[in-house]
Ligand SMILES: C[S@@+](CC[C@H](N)C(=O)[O-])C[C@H]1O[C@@H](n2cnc3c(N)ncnc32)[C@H](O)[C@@H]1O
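As structure tokens, one chain now follows by itself in the form predicted alone.
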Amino acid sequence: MLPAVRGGPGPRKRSAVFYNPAMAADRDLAVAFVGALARVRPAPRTGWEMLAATGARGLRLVEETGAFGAFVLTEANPEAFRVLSANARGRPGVTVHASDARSAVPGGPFDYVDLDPYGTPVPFVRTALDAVATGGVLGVTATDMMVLAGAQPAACERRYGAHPVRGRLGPEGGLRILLAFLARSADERGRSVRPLFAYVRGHHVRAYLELRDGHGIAPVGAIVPETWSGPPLGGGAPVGPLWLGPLFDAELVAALEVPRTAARPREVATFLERVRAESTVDVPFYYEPNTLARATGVLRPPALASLIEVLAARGYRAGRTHARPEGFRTDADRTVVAEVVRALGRG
């Protein structure tokens, strides 16, 4: 059943195929992001949702943020397009097209482009990058986590040109592989990207990036495990190329608010609280107390709050991460983190 686009009760039309209720909180986050964007900079006025399906995401952005004067939604599947057309009917400024998202649409370049495929975004990336205006924003989802997070390394090499991180850090590695791929793709087109809000959530990764014209120096590179001083990545082979820069724009993240119309307000509030704390310690990869205890031979994992408190007292940045409930990031060297774990274990 397809709920009303505002995330509340009451369907417009039934669909057993194209609406994914599991992504309701992610659509809440999209509304939160565009709302925050409008508060910290000139609001986006034009938008394009490339793979709109029934319009659950794009129509919520139009109605709930009030930011867009013109918004285009495209969908190639005939059944989905019929539902999309019914949902969009009578909405001011909204235009729908039955077209392939790999082709440009009238109205561009756009201040905001949303690419939310089932699986990989790779086939649509070039069109998306070309469709974003200078200073505009591209939102991208990838759900092919078996590929990005290390279970299918050969496929990751073919699709993204990268060797993935395996194990518990694999999902964040997948996010950073996607960002690196987008940065390289943009550079090929004479453009540069800067993540504003990029995260791991459930079985997908999502990134919002600002696009600029001209080549930039992107923090993209491989990590060699033997010389890497951050959280252990496992294995001896280099991983990447990865995005090694920040995932968040701190000012924008601070402006994120739970939408009044959120379908899952408590879930979104908890997530945003973690992200705001994390944006102050925006470094690649995270630790977990249980894995640290095993690695250092400590019998009982130290309390997360204690680890963060001791590291902060020593002058390092440390804070929880959105990626794992018990994970934390820090700019302290791995040897310092191990020393703190052992000291807490003796206490």
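Counting begins at 1, following the sequence as shown. The structure displayed is predicted, hence computed values, not measured ones.
Just so you know, the form predicted together with this ligand exists too; it's not on screen, but the next bit is about it.
**Student:** Does Leu51 reach this ligand in the model of the complex, with heavy atoms at most 4.5 Å apart?
**Tutor:** Yes, Leu51 sits close enough to this ligand in the model of the complex that at least one of its heavy atoms falls within 4.5 Å.
**Student:** Considering only heavy atoms, tell me if Thr134 and this ligand come within 4.5 Å of each other in the model of the complex.
**Tutor:** So Thr134 does not count as contacting this ligand.
**Student:** Contact between Leu256 and this ligand in the model of the complex at 4.5 Å, heavy atoms?
**Tutor:** Result no; Leu256 lies far from this ligand in the model of the complex.
**Student:** Arg102 near this ligand in the model of the complex, any heavy atom under 4.5 Å?
**Tutor:** Heavy-atom contact with this ligand at 4.5 Å: present for Arg102.
**Student:** Taking the partner as it appears in the model of the complex, which of 300-308, 315-323, 38-46, 53-61 has residues with heavy atoms within 4.5 Å of this ligand?
**Tutor:** One stretch meets the cut-off, namely 53-61.
**Student:** Consider the chain as shown here, without its partner, and state which of Ala237, Met146, Ala250, Ala76 has a heavy atom within 4.5 Å of this ligand in the model of the complex.
**Tutor:** When this ligand is considered in the model of the complex, the option within 4.5 Å is Ala76.
**Student:** Of Gly202, Pro117, Pro219, Pro225, which residue is found within 4.5 angstroms of this ligand in the model of the complex when only non-hydrogen atoms are counted?
**Tutor:** The residue in contact is Pro117.
**Student:** Pick out the residues of 121-136 whose heavy atoms come within 4.5 Å of this ligand in the model of the complex.
**Tutor:** Going through 121-136 in order - heavy atoms within 4.5 Å of this ligand in the model of the complex - there is one hit, Phe124.
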